[in-house]
Each structure stands twice: as structure tokens, then as C-alpha cells.
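Next up is one chain by itself, shown in C-alpha cells, the form predicted on its own.
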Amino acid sequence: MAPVVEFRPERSEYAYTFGGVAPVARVVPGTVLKLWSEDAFNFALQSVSDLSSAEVDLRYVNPQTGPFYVEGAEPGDTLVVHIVDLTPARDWGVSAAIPFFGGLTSTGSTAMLQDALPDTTWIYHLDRARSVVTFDARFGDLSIDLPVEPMLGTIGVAPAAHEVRTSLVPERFGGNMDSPEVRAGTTVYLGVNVEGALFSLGDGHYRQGEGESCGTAVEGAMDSTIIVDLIKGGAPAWPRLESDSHWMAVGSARPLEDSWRIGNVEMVRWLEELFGLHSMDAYQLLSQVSLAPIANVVDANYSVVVKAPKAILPAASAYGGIHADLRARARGLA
């Protein structure tokens, strides 16, 4: 029977970086982790009267649960994280328009001679019975129920070369990718850079549109059940995702087209591995089948997910078929 580790961090135990943090626990491959994570604002916004400019300290956003030291993980290995279940841990979530942050406002690096957009907070109430969160307009009377679609905004390992990166950054190590694809049923493959991998997660979203255009999703505390495993060798250069329906690669960079290019290059490399293709044939095939949803256009790097649908491709198995194995293990937990 797989070992089960439950961890709910005290406020003093959160990490705010990938790398540079001592592990909170050591786990063996195959461990089931049942984790609680705080919302991205670190519980600073609790009502519509709470404003980001007054309440949010950007040094302490995206608190990470972890990191966990995975026994046997060494640089060049592949850390495998299967998301079994994500359940909102509160009956409300919060979103905000933060001054000079977001996709449709000037920022510190895209400077314009204009005032910031209004500092505004929205509270979304959760109806668990109907599995919806409610959007209530702040400047009008519209109210809309939106389906709950839980995901994790951050999931990653310690970077290479002794780097320490803020939990606001997505990069090769994973991090703040903000992809709705990081949801229950998805397996995440991350290249190990340091001994033990030093894996962490957080930034739970009760739902988020592709691109996270205003800079924040419906942010909320999350109960996460995951299985962490390890494959010796085979480290992907950038994060890979596998669901029952798609092979996926995530590129994170600026400008946005470079993140798109990274994702496409990584999917070409993966199609070569999966089907024994020449790189030019993989390039041609991907050109005809790929989907490329934007994960975020607001973080320190922008993230694009490049997807290849399994249904129209020959049957193939990645990493020894571990995704299917993990799906079966997850069903066994239920």
C-alpha cells in the first residue's frame, strides 16, 4: 500500500520561492500527498473592501506548500506528479485588479503615461451543492454562476545552478505557469535539477480563463491530493503534461511568441520520442494537429501550452505508460 503523507503548513512554513528553501518533509516515490495550500494573496483579501494596494505584500504572494524532498531524485531524472483531486478548501474565492498588474494595463516594464486601473476586489461565493462560483459585478447588477474548475497555478521543482526564483515566475522548472490544464487527471513531468527535486505547489484557482487576463483567477485555498513518483533519467527540458486526451508541453518566456516557440519545439521533440519520427516529420505533423492555448500573459514570463490530441494520433506510451498506471492508482484511492 502506498504511503500517505498529510501536510497543512503553519503560516511560518510557507515557501515563496522555488529553490533556496529547506524541505518540509522527505517522501519516497509513490507517496500519496494530501496537501492544503493558502490562496495566492496569502489570505490578505477577504472582502470587497480589502484592496491589493493596501493589503497585499508582493514579497509573500503565491505561498508554496513544500518543498518536499523526493528520495532518490537526482539531476537529470524526471519527477512525475499526478493530480488525483483538487477541492476548494473555502466557501469563497477572490479575484482582483491590482494597480499596474495584468494583461490590459500598463506595467512597470510596459510603461505608459496613464493612471492605474481602479484597485478592485471581487469575492466569488462557492455553492458546493451546485459546484458553481458566483460572479457579482462591482459596477452593475449582473450576477452569473460559473462552473467550478479547480486547477493549480503553481507547481514546480528547484531550479538548476543554485538559482532561487520567486513563486511569481514560470520557467523550465515549472513554477507559476497558471495553466488550466494542471487539474485533476493530469500528470505533470518535471526535469529534476537538484538532489531530492524539492517539489512544491500552491496558487489554487477555483476557475480561470485561458490567459488569466486581469492577472488573477478565482483564487482560493485548496485541498490537493497528488501522487508523486520518479523516473530515472529522461528529464524533459521544459514541463510536460499528459492527460487522457492530450500530450502537452509548456513554454514560458517573454515575448509571448518565444513561449509559443518553446512549447512547439518541446512538442516536436516529444513526438519524435513517442512515434520514432524524424524532426521534420514531427514538425509537419504538429503543424496540422496542435492546439496552443495561452496559459498566462501576466506573470514575469508568459506561458503557452502546446497540445497534441491523442485521439487522432497512433497509440503511444510516454515514460513507460506511467500516466495510465497513475490513473489506475488514483481510482484505487477513491
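If you're wondering where the values come from, they're calculated on a predicted model, not measured in any experiment. When you see a residue number, it is the position in the sequence shown, counting from 1.
FYI, the form predicted in complex with a further copy of the same chain isn't displayed, but the following is about it.
K.L.:
Among 240-248, 169-177, 195-203, 222-230, mark the stretch whose residues have heavy atoms within 4.5 Å of a further copy of the same chain in the predicted bound form.
P.N.:
It is the stretch 169-177.
K.L.:
Judged by heavy atoms and a 4.5 Å cut-off, are Ile144, Ser287 and Val304 together in contact with a further copy of the same chain in the predicted bound form?
P.N.:
Yes, because Ile144, Ser287 and Val304 each have a heavy atom that approaches a further copy of the same chain to within 4.5 Å in the predicted bound form.
K.L.:
Give me the residue from Leu126, Ala235, Val84, Ile262 that has a heavy atom within 4.5 Å of a further copy of the same chain in the predicted bound form.
P.N.:
By the 4.5 Å heavy-atom cutoff, the listed residue in contact is Ile262.
K.L.:
Is Lys34 one of the residues lying within 4.5 Å of a further copy of the same chain in the predicted bound form, judged by heavy atom distances?
P.N.:
Flag for Lys34 set to no.
K.L.:
Taking 4.5 angstroms as the cut-off for heavy atoms, does Ala22 touch a further copy of the same chain in the predicted bound form?
P.N.:
Outside the cut-off, so no.
K.L.:
Since only the chain is shown here, I'm wondering whether Arg26 would be in contact with a further copy of the same chain in the predicted bound form (any heavy atom pair within 4.5 Å).
P.N.:
No, Arg26 stays farther than 4.5 Å from a further copy of the same chain in the predicted bound form.
K.L.:
Is Ala292 a contact residue for a further copy of the same chain in the predicted bound form, using a 4.5 Å heavy atom cut-off?
P.N.:
The answer is yes: Ala292 has a heavy atom within 4.5 Å of a further copy of the same chain.
K.L.:
Which residues, if any, of 129-168 lie within 4.5 Å of a further copy of the same chain in the predicted bound form when only heavy atoms count?
P.N.:
Contacting residues: Phe135, Ala137, Arg138, Phe139, Gly140, Leu142, Ile144, Asp145, Leu146, Pro147, Ala161, His162, Glu163, Val164, Arg165, Thr166.
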